[in-house]
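One chain follows as structure tokens, the form predicted on its own.
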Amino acid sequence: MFRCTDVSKRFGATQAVAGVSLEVPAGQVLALMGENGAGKSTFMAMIAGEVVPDEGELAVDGHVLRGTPADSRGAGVAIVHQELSLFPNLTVGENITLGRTPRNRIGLTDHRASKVQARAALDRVGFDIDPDRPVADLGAAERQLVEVAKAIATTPKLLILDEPTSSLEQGEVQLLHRAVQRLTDEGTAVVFVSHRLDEVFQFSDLIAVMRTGALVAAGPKAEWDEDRLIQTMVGREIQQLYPPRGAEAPRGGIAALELDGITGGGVHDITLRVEAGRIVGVSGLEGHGQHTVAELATGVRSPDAGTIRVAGQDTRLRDPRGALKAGIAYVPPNRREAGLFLPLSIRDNLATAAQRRLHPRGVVSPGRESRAIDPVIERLHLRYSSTFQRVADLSGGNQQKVLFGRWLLAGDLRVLVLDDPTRGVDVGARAEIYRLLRELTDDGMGVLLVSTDMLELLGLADEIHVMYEGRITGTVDGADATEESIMALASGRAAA
């Protein structure tokens, strides 16, 4: 169904894709793997007609692609990008039928037919949502499923899924898996990209690995296991993804951060402590309030009731600036929309929160800035061509490292609040971020970690608070926590 032969693409001095040849039979799922920056995004963009290859040929069901989005769509290619392309001011149904809006006899939009088409696409995904609901009112997971329904509505011959589960909980992942199975049963070929290795083995029939733009290995899923896949992706062994926990931090002292009876934004009576040197996790099914807790702890939202204490002092957090002044930094779940200044350079993004410290008299000193920034970049193991390179041109993993580096440079921090900090980040960059978190807690920082990745919480957190319907239903010790005990609490039941 899909074939490419000796496809290459260069951007200036960077060889993004180098001589890739690959086939995907009808009714098969190919997991395309590789670190951030390996060339996967460029390769997928060429299939979608968004980037024209310098050399080689791509074809879908015998049709040679001409390198335009319209031609790729006409050939039966549909793509779900990692960065969603929905219009918040339109309804779910309008987004799904956009570009294929049914018309009545006089050329006006046929709203009834449009709604029927949208409902059929949503049913194929198994997603029960009103097509008349505005996309602006949806959460991240709901938007992701609408994006998938939008692609499926075109009845594609080749479906490309780029990190489609990054915002999804386990139940929603199963919805997507069943939808993909229905498509492959009908003969659709699927290219699936994910950094969650368990999902790679769940979804795929074939696995191919890219590294530095080249295809380095490919074969049936049966030939792979996680160890071989990780080593092939990063070109080295990662002995332990999650660094071992350090010595138990002293308990019972003054907490770096306390939430005491916090209510607001749909959550109720949230009480938890983040002590220095510890990672405190918050888990729950999507939509049950865990992301709101992160926003309340960082001044993004203001609570209606309750008390926030930083280092034992009552603190009113009216905005993120006040939180930063109190020593609380925030890594939001969407780095591109809420974290980074994409048109600006690596240097400018790193220095954003440290301007007064770097330039106390208001005069920019490039030398002083470089002396502060260079050690942070080295500590992050950042891959870049120049500190003046635009952050938008970095891979997802390196963008996330820049966001972490901003807070390393800010100084005087007591607490780091992380909301899905490794969403869309490859296994190699994850290992480096986890190492950095361990270093920070060993130095005495407290970390509040909200994550939809269950394994991440189990691997990192010293204790995990689990939420259901806006409340904490239980707390599990990190060393004893299991997926079963967390899911029981997240479903409103007592832990096993």
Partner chain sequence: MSAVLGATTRANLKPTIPIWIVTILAVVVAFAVSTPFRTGTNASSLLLGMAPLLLVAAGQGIVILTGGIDLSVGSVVSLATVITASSLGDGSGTLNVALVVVAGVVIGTANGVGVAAGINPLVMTLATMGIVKGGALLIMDSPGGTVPASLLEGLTWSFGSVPLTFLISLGVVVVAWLLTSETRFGHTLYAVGHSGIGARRAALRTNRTLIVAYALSGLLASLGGLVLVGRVFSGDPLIGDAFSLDSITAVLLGGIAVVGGRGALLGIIPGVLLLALVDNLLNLAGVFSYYQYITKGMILIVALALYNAAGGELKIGGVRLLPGRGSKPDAGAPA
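Positions refer to the first chain, counted from 1. All values derive from a computational prediction rather than experimental measurement. Whichever C-alpha set is largest while still superposing within 1.5 Å between the two forms counts as the rigid core.
Although it is not shown, the form predicted together with its partner chain is what the next lines describe.
Visitor: Any of the heavy atoms of A70 lying within 4.5 Å of its partner chain in the predicted bound form?
Guide: Within the cut-off, so yes.
Visitor: Answer for D132 alone: is it within 4.5 Å of its partner chain in the predicted bound form, judged on heavy atom distances?
Guide: Yes, D132 lies within 4.5 Å of its partner chain in the predicted bound form.
Visitor: Does G107 reach its partner chain in the predicted bound form, with heavy atoms at most 4.5 Å apart?
Guide: Taking the distances in the predicted bound form, the answer for G107 is yes, it comes within 4.5 Å of its partner chain.
Visitor: Any chance E295 has a heavy atom within 4.5 Å of its partner chain in the predicted bound form?
Guide: Heavy-atom contact with its partner chain at 4.5 Å: present for E295.
Visitor: Quick check for you: of 110 to 118, 189 to 197, 370 to 378, 206 to 214, which stretch puts a non-hydrogen atom within 4.5 Å of its partner chain in the predicted bound form?
Guide: That would be stretch 110 to 118.
Visitor: Which residue, K157, R245, R406, H268, has a heavy atom that falls within 4.5 Å of its partner chain in the predicted bound form?
Guide: When its partner chain is considered in the predicted bound form, the option within 4.5 Å is R406.
Visitor: Among Q290, Q400, Q144, T91, which has any heavy atom within 4.5 Å of its partner chain in the predicted bound form?
Guide: Filtering the options by heavy-atom distance leaves T91.
Visitor: Would you give me the residues of 300 to 334 that have any heavy atom within 4.5 Å of its partner chain in the predicted bound form, in order from first to last?
Guide: Heavy-atom contacts within 4.5 Å come from V300, R301, P320, R321, L324, Y330.
Visitor: Given a core-based superposition, decide whether the C-alpha of H288 shifts by 2 Å or more between the shown form and the other one.
Guide: No: H288 shifts by under 2 Å between the shown form and the other one.
Visitor: Once everything's superposed on the core, is D304 shifted 2 Å or more at the Cα between the shown form and the other one?
Guide: Comparing forms between the shown form and the other one, the D304 CA shifts below 2 Å.
Visitor: If I superpose the two forms on their rigid core, does the C-alpha of E275 end up displaced by 2 Å or more between the shown form and the other one?
Guide: Not so; E275 is displaced by less than 2 Å.
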